[in-house]
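Take a look at this single chain, the form predicted alone, given in structure tokens.
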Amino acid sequence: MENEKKQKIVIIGGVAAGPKITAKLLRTDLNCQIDLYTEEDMISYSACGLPYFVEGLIEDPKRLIVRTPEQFEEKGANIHLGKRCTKILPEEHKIVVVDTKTGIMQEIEYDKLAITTGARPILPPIQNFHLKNIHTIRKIQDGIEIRRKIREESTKKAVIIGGGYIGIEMLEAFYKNGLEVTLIERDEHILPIFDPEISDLIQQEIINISDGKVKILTSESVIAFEGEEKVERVITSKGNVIETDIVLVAVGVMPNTEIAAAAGIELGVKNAIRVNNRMQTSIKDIYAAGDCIENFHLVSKNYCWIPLGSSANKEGRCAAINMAGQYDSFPGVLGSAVTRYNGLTLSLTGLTETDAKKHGFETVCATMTKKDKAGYMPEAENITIKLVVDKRSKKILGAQAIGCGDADKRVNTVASAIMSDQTLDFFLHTDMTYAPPFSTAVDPLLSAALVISNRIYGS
């Protein structure tokens, strides 16, 4: 066995999926050589934690580092920092990498390859994007620079372009650092992944709990930045001129799949890499995982692209097991997600009513606001829940929950019910925990389910 040739496994990309593949392979009894290449100067960190570092909840950015290169190398992996992959040569089982400092190129052989190149911020075509103090946030260094800037005495006002999850999380970070913030969203609603009436409620709540320091503009886009060397004003499509000291652009991300496409690997939704349930791409011996891959939606039964750190870790584990010659299957996603703003929790799973109708479901829904705990408990808070059910099959399709109470745990309950293919009738008998400090006698989620049951059965 000592003379047995080692299998060469090469991984392109760090942050979440790549390091997960590496860690899982290192725990597998496998005679292999693992080489991970990343153009960054670190390998494994939590990009999802950056808004909370900017806010100040986390003081040391090193706390966002999950594992160092040295920790991986101590276990036997080879980590190559500052090395960007420029080409995949599937027929030769090679990749081409370039040293980002020296420009030196080299060809690397592989037996099996994993593409975990992630995603990058979309940069909209806005005039004068080159001005200073215009930022995106994706890497730790981005967070360090933004945090430094918002703590300068001269920084009083900020503009955030984009009302998605990152926009809302950075809105909280800026607000809690005392800035006056204008958030601009080109869609009719912020957080458009929610149903419109839930998005509108979220916007209303954000304004209510922001002490007049937050302004939200919807159905409006930014067309230009103005200033001498640094940004001083933002010009919108409706002619608004907004003074600012810093701008965060958070209009979304796009998958880094150019090298995969050039190698002839099949792409899918949003040009993300198409994989099967074992994380195999269309080319033999090449796997992919993380924000660069397409997802299969478990409710709509259609392909989608929902880049989330939680999915990246599960996909990475699945890829590693299959690369090791064993078997694992990743079924797909529900798009379960959660964020917050100043104590307000915002969470959803599965399909919204809007998306369910697009996919041909006949929906029955219930939206209700109730206390998350017994009303006489001093810590009881309101939560608003919207539950979506298919009228024909009685299958649960999705849920949205917002509020200052425990909204996300209700959404997690629905996610579990969807994963187990529960019908509404079965779900109504879910034996949830109850005590006054934790819930009402009839949980708000079950109350919503009962309303839907009455609407379906007419009682």
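Predicted model only: the values in this text are computed from it and were never measured. Note that residue numbering begins at 1 and tracks the sequence as displayed.
Missing here is the form predicted in complex with a further copy of the same chain; even so, the following discussion is about that form.
May I ask you to state whether Val411 is within 4.5 Å of a further copy of the same chain in the predicted complex, using heavy atom distances? Flag for Val411 set to yes.
Do Gly375 and a further copy of the same chain share at least one heavy atom pair within 4.5 Å in the predicted complex? Flag for Gly375 set to yes.
Indicate whether a further copy of the same chain has at least one heavy atom within 4.5 Å of a heavy atom of Pro331 in the predicted complex. Yes, Pro331 sits close enough to a further copy of the same chain in the predicted complex that at least one of its heavy atoms falls within 4.5 Å.
Using a 4.5 angstroms cut-off on non-hydrogen atoms, would Ser46 count as touching a further copy of the same chain in the predicted complex? Ser46 belongs to the contact set for a further copy of the same chain.
Quick one: which of 193-201, 247-255, 340-348, 222-230 gets within 4.5 Å of a further copy of the same chain in the predicted complex, going by heavy atoms? Checking each option against the 4.5 Å cut-off leaves 340-348.
Where, within 431-445, is there a heavy atom within 4.5 Å of a further copy of the same chain in the predicted complex? Residue list please. Contacting residues: Asp431, Met432, Thr433, Tyr434, Ala435, Pro436, Pro437, Phe438, Ala441, Val442.
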